[in-house]
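Shown next as structure tokens: one chain only, the form predicted alone.
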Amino acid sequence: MFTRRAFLGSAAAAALGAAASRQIPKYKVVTPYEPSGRLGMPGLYPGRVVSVHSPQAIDEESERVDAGVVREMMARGMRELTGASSSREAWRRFVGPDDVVGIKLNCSGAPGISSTPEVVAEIVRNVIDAGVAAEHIYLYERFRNQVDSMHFPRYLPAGVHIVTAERRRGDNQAYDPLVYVEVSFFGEDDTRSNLMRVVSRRLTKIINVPNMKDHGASGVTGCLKNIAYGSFSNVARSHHEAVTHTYSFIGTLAAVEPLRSRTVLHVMDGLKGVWHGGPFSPDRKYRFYPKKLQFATDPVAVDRLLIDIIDGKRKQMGAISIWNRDPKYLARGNPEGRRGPNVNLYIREPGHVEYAAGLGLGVYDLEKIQVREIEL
């Protein structure tokens, strides 16, 4: 059965209250696309999250993934999310033979942390079983070098496409000039962030596959940040010195059409995660192993749970909270250096998840989030 999570942490609530009073930059959203269908975020099941855990999913020492266990986790999670009697029926709630399906990878921390190839391959297998031709499936991400480091073709059937926007940082040919968000954060020269052309002009449905990660600017990087910053160009400009505008920029990008309407499912790859130093993972000492997959159509609900997962792990490891906004922990002049677990590169903005809820992207209140936990 689904259970409701109680709200944890008065400090988090206080931080959110303080964040809500900040000034929001003036955003200009330009798109010729209108909202379409009923599957887009927050989707068919607002506020519902299925979390499947298996101790056998990944070996912590070798980081080897058991594909058979992943298959069972995927089947149980999708059936539970949808109430379907079979995996094929569950997947057909979201995709079918007439669709062109995008799978939004998260490779920003590759090869240390990434959407796991075995998880991605199992999603592809199920999408094909639901009637979508392999040639109509596109794995996509922004940066070619990150994707190449994961060797996804070894795990995929013939015909599946892998598309990236930038072979070199700053390439813009793969972005759509007709779909963009314009905003000046710090007086930068280029004030536009454009949506990837494959999203706007090719795909009809998107499945989002983020990781459980800490992030030095946004606090956490989960469903929302992966689908937003991972689908648009020129997003790192939202950070400057200690200040980041991830608080409002992440949700603003995620809500742009057609990205919002076409993103129909989120599969949180929590086989392993990063509790400090994210979104990258050059140092294994900051990795941990939740050994979970989470399933939802609501990105806000998943990310609200992620906040507590990451902050709880940081507390366990003796690190400062992602809600901590004290300037004394900023990297500049900090004796621990830039990489210590009690150092912030920016004033973190985990409040971006609640901001996205305010845009209608999902349910933030833990009292209203229904969680079904399955143990294999």
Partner chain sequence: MRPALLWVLAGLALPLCAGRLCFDPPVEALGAYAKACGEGPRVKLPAPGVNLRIRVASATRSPWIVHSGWRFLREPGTKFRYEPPAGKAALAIAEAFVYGADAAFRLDPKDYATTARLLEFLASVPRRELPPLADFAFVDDGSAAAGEVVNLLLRRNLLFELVSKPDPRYELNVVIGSPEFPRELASNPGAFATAVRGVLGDERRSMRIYGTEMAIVRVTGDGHRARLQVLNYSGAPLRGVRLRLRGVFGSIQLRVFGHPEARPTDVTTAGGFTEFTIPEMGVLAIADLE
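Note that the structure is a prediction, hence the values are computed from the model and not measured. Residue numbers count along the first chain shown, from 1.
Just so you know, the form predicted in complex with the partner chain exists too; it's not on screen, but the next bit is about it.
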item: Heavy atom distance at most 4.5 Å to the partner chain in the predicted bound form, all of 172, 191 and 239; value: yes
item: Residue 285: touches the partner chain in the predicted bound form, heavy atom cutoff 4.5 angstroms; value: no
item: Touches the partner chain in the predicted bound form: residue 88 (any heavy atom, 4.5 Å); value: no
item: Touches the partner chain in the predicted bound form: residue 97 (any heavy atom, 4.5 Å); value: no
item: Exercise: residue 125 in contact with the partner chain in the predicted bound form, heavy atom 4.5 Å; value: no
item: Which of 102-110, 291-299, 231-239, 78-86 lines the interface with the partner chain in the predicted bound form (heavy atom within 4.5 Å); value: 231-239
item: The unique member of 71, 93, 161, 197 whose heavy atoms fall within 4.5 Å of the partner chain in the predicted bound form; value: 197
